[in-house]
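Take a look at this single chain in structure tokens; it is the form predicted alone.
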């Protein structure tokens, strides 16, 4: 009888441990939010909270696409450069005219998807290291951005563009924040219900077995990277809507923020695990942490230390949990 009870207790402990390791990022988010609220009552105000969501939109939107790529077992380091290029491209094509907004947005989205598709095609057919290839693509795209812009901020944002995305519904919820949350919910739903996303996990877990089983690995790889590029373009548009400035370096360094969020959210370089929900939670963890750094009075360099430390700790924690399980 005692052995049976002991076995039940062990079984419960194992289940609790698995639940904690699978949902740790949500626990961290809840605890961090409590700490933030104790340090500053601003975190208890809905307007401030949704302002944080608005701030998170560019990184969060880009992270959705990169999550898909990393579930596949790849990585996309070109996303920061794509954000910069599409922000500049959108502003230039708008040229201050409301009638140009649909064309500008369409061209920017198509550009991001094409860049991602090129990444995916080269990786799928040449089996190049995703890390090296997308890093090289980032350099190429940055060069294109500099040539296209002349190295300075170009373009005129159309009247009403920023006003629309920054308009607060009910005086509380910015349209940009709502757009980000909507894309996140769609991404989570597609991840849970579509065959494409299930195939991403299968390929990420065992690429050779997936290929031998008849899965269209190359097609799925190209599609995943194209989606990452598309989401990067959306992030560029979101960044332009938030700031109103088409700086050629608008997305510089954001690839590290995106990567930190994806890894912290439980998606690893090994592929086959993680998800968009964890990534979104991690985006908010990072942003709240950076807000707390500002509240404490530390400078931008301290934020860089926090980012790097989070990536290191998250990677180490994953290896630890993997060994324990």
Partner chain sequence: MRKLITFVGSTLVLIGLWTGLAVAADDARVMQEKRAAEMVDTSAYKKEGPLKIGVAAGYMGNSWVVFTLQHIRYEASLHDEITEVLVTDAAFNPTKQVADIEDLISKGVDLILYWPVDDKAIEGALKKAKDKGIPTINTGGGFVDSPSVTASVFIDQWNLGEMVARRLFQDMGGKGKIFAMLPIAGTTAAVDQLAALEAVMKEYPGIELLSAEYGDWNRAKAKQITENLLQKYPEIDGVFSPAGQMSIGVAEAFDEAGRLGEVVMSPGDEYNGWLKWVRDHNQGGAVTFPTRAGQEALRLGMRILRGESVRKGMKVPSEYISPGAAGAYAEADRPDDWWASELPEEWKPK
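None of these values were measured; they are calculated from a predicted model. Numbering follows the first chain given and starts at 1.
Below, we turn to the form predicted in complex with its partner chain, even though it does not appear here.
Screening 153, 144, 114, 101 for any heavy atom within 4.5 Å of its partner chain in the predicted bound form leaves a single hit, 153. The listed set 243, 129, 121, 179 contains one residue whose heavy atoms approach its partner chain in the predicted bound form to within 4.5 Å, identified as 243.
Stretch 288-296 is the answer when you ask which of 62-70, 263-271, 23-31, 288-296 has residues with heavy atoms within 4.5 Å of its partner chain in the predicted bound form. Within this chain, residue 162 lines the site of its partner chain in the predicted bound form, having a heavy atom no more than 4.5 Å away. For the chain shown alone, residue 256 is not a contact residue for its partner chain in the predicted bound form, no non-hydrogen atom being within 4.5 angstroms. For the chain shown alone, residue 239 is a contact residue for its partner chain in the predicted bound form, at least one non-hydrogen atom being within 4.5 angstroms. Contact check for residue 247: a heavy atom falls within 4.5 Å of its partner chain in the predicted bound form. Shown without its partner, the chain has no residue in segment 105-136 with a non-hydrogen atom within 4.5 angstroms of its partner chain in the predicted bound form.
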